[in-house]
Every structure is written in structure tokens, then in C-alpha cells.
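Single chain ahead, by itself, as C-alpha cells, in the form predicted alone.
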Amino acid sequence: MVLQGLVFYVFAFITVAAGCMVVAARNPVHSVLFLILAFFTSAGLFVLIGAEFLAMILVIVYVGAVAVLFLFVVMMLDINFVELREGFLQYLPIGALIGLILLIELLLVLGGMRLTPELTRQTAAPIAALAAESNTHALGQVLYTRYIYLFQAAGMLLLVAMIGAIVLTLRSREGVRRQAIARQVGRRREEAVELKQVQPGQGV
């Protein structure tokens, strides 16, 4: 138990420190690397509580796909972050409002845990009907039956966040020729073919 508690505190400290460095790092590449470190240590915390499936998913999906994708996108697109930060003051009020709402939600959760600790123990208790099942099977049974609507709502939020990220990083460059598929498909033979009468001894 002492070793397990020591490992928990070490992993928790590294996770919190890496999360702070994700926000505080000036270089976006360093932020992605700290994010990968936070994912790895979070996976270690999942292993400590016996959720091996969640730890494996965190490493495979987030570290192996999402974080690496962020890293390659940041390095390959060469995004002008100075230009993106120019409108920081414009979005500061709505950002502060969202941060205030999140802070109030955290205070409500922490206050509820302090006022009614028996509710926390009841929520964290394992489900009796799924106690004999494996970790993966029990997670799927609960996620796709009891919390299916919340699961779908989380998917919609992720979709909106992905579209927002694409819109924020989309830049229009002048002088770049783009493919117009509708014009290519809709053009007629007279527009695409031109007949030239070449006289003998003359070029085109």
C-alpha cells in the first residue's frame, strides 16, 4: 500500500505539472510534448485503480493518434501564432465567462463532496450486476445502456470542437489556384476544345 500510494503521488504530480506546462509553454511543439507526457502519466493512474482498458485506450488513441497528429499539424502547417493572438482581447470576455462557469461548476462539485460524502461513496461504488464481468465488458454495458445519451452528447461536443479548430486554423492565401470541381464537370465541349486551322509552313 505504501508503494502504491507513493506511485500515485508521483504520477499525480507529474500529470498536474505537465498539464500546467501545456498551457504555459510558449512553443506549441513543447506544449504537445507535455500533453503526451500528461497522457502517459494519466494512463499510469488508470492502471493503479484497475482500469487497464482505459489506460490502454488513452495510450493508443490519444498518445498514438491525437497528440501525434497535433504535433505533425503544428510542425507542418507553420501556423502564424502571432497573427492568431492578435484577436486575443476580442475574445477575452467570452473566454473569461466560460472560465467563470467552469470554476463555479468545480466549486459546486467540490462543495457537494464535502457536504455529502456518502453520496460520493455511493457514486463510486461498483455496480453489483456487473461486478463479475471483465473491465471492458462492464464499461461497455454501462456506457452504451445507462449513459448512452451523455455519450452521444460528448461525441457532438467533440465534433463541434473539431469543426471550430478547423475554422480557426483555416487561412485564405492570395494567388493560390484551387480546383473547382463543379466548373470542371459542368463545362461543355465548346469550352474545352478549340480547333485551329494551321496553314502549311506556319506554327500554331
Partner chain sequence: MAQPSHDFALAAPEMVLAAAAMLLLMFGAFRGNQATRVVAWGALAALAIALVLVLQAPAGRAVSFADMFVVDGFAHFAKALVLLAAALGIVMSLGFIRREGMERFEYPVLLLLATLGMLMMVSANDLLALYLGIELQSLALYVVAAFQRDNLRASEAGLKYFVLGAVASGMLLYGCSLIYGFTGTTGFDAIAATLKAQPEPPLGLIVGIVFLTAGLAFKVSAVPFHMWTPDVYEGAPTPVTAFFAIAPKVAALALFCRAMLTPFAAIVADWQQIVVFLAIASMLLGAFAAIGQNNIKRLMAYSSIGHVGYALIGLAAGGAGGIQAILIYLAIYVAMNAGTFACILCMRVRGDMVEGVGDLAGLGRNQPLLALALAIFMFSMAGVPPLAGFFGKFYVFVAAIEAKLYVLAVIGVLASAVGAYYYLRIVKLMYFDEPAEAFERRVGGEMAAVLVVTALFVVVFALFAAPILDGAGTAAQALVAGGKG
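These numbers were taken from a predicted model, which means no experiment stands behind them. The term rigid core refers to the most C-alpha atoms you can superpose between the two forms while keeping them within 1.5 Å. Numbering follows the first chain given and starts at 1.
Below, we turn to the form predicted in complex with the partner chain, even though it does not appear here.
Exercise. Taking heavy atoms only, is residue 64 within 4.5 angstroms of the partner chain in the model of the complex?
Worked result: Answer no; every heavy atom of residue 64 is more than 4.5 Å from the partner chain in the model of the complex.
Exercise. Looking in the model of the complex, any heavy atom of residue 141 within 4.5 Å of the partner chain?
Worked result: Contact with the partner chain, yes.
Exercise. Can any non-hydrogen atom of residue 146 be found within 4.5 angstroms of the partner chain in the model of the complex?
Worked result: Result yes; residue 146 sits at the interface with the partner chain in the model of the complex.
Exercise. Counting only non-hydrogen atoms and a 4.5 angstroms cut-off, does residue 50 reach the partner chain in the model of the complex?
Worked result: No, residue 50 sits far enough from the partner chain in the model of the complex that none of its heavy atoms falls within 4.5 Å.
For this session: Consider the chain as shown here, without its partner, and state which of 29, 57, 69, 160 has a heavy atom within 4.5 Å of the partner chain in the model of the complex.
Result: Selected residue: 160.
Exercise. Superposing on the rigid core, do we see a C-alpha displacement of 2 Å or more at residue 139 between the shown form and the other one?
Worked result: The answer is yes; the displacement is at least 2 Å.
Exercise. Once the two forms are fit on the core, has residue 29 moved its CA by at least 2 Å between the shown form and the other one?
Worked result: No; that C-alpha moves by less than 2 Å between the shown form and the other one.
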